[in-house]
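One chain is shown next in structure tokens, namely the form predicted alone.
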């Protein structure tokens, strides 16, 4: 592998210092979440031939293998990268490559790789909980136009995005997994109102959308009509890989809006700053964090290779997602144990940032698919255990009890 990627590595080492800013360089106020800054950085990578390394060359990518993305991530560590684009590059773009028409791919994938388009997924609903297939956003066809009505929620960075993949119910007489259709939706147009949601830590990257008589052309369906669950299943596969640090499409960094926790080296630094580094319990916590890092690295390689070779099912990616949740919760809780009362100075200082992360730790068990859903997938589709009884299997959705649509307050 090293010989195969070595010319690429050398070219990248020469290019990065002249074109990408260092993270330890002069600070840029507000740039961490400035979409214009991330679009600019993505365009630099595109112009340099380093965007979309594993995307097909026919749509503006480089057509390379995952090993090249791994080399990029190694060499680009310490540089400022467009992490706001990670969800677009790691989840939405690959789903369009998998299911889009030729026209859809030619229209959107090059624009995504240039940084011209940022995307979001409109899947979760206020009345839906973890039952994504219970979608009640309604899509009614009128000739060559679909009219959508409903509401979506927990859509990360929808307010700064350009397009979305939106799941809606197109046939209520079919069972719930079979009457869904996925749509490509241009955001910021009449009929679609986006409201950011302020969280406990003061951030507001999550949004709720209110959809009222939104007209979508029939040419903007992704995949077949009433086959939206097939598209969703593949989208969730890409999402699990992104959340589990195994995506071959992104920069190897946490996507903005994804729950984070301190790494093992950061926990050690916190312990030194807090004066607890010689405490035996603290040393055990840091050691366990290092062990989790090593396990995750091996797990990503094992499962990624198995899926690529066909020896493991794609649903095995849920193992990565479940492990990532476990690691985030452990490290976040450990940081508070180590820093102790210093975390109350949030949001100022290193220890203070741990307080903000701690407030958001439980979102790790929800974002990217809840911890309960990951365990169900592993049990049923990886281990082959019997499925739990579900009274709505095979029943027309209009005969299944469900919550009422969310209304705007």
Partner chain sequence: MRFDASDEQRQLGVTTRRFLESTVPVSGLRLLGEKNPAGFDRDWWRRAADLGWASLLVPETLGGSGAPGAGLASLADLAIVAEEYGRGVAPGPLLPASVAAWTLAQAEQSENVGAALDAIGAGEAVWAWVRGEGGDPWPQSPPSVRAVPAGNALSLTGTAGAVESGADADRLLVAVCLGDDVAHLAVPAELAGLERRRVSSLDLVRRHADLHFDGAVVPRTAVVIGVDRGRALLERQGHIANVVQCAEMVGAASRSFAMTLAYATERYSFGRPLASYQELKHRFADMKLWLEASEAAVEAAVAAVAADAPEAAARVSTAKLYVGRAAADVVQDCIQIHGGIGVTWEHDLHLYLRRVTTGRQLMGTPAEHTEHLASLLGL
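Numbering follows the first chain given and starts at 1. Worth saying up front: this structure is predicted, and the values here are computed from it rather than measured.
What comes next is about the form predicted in complex with its partner chain, which does not appear here.
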{"property": "Sole residue of 164, 207, 319, 222 within 4.5 Å of its partner chain in the model of the complex, by heavy atom", "result": "319"}
{"property": "Heavy atom within 4.5 Å of its partner chain in the model of the complex - the one residue of 362, 376, 65, 62 that qualifies", "result": "376"}
{"property": "4.5 Å heavy atom contact with its partner chain in the model of the complex for all of 142, 212 and 230", "result": "no"}
{"property": "In the model of the complex, residue 103 touching its partner chain (heavy atom, 4.5 Å)", "result": "no"}
{"property": "Residue contact check: residue 77 to its partner chain in the model of the complex, 4.5 Å heavy atom", "result": "no"}
{"property": "4.5 angstroms heavy atom contact with its partner chain in the model of the complex for residue 23", "result": "no"}
{"property": "Contact label in the model of the complex: residue 380 to its partner chain, heavy atom within 4.5 Å", "result": "yes"}
{"property": "Stretch in contact in the model of the complex with its partner chain, which is absent here, among 164 to 172, 307 to 315, 148 to 156, 334 to 342 (heavy atoms within 4.5 Å)", "result": "307 to 315"}
{"property": "Sequence-ordered residues of 280 to 303 touching its partner chain in the model of the complex, heavy atom within 4.5 Å", "result": "280, 283, 284, 286, 287, 288, 290, 291, 292, 294, 295, 298, 299, 301, 302, 303"}
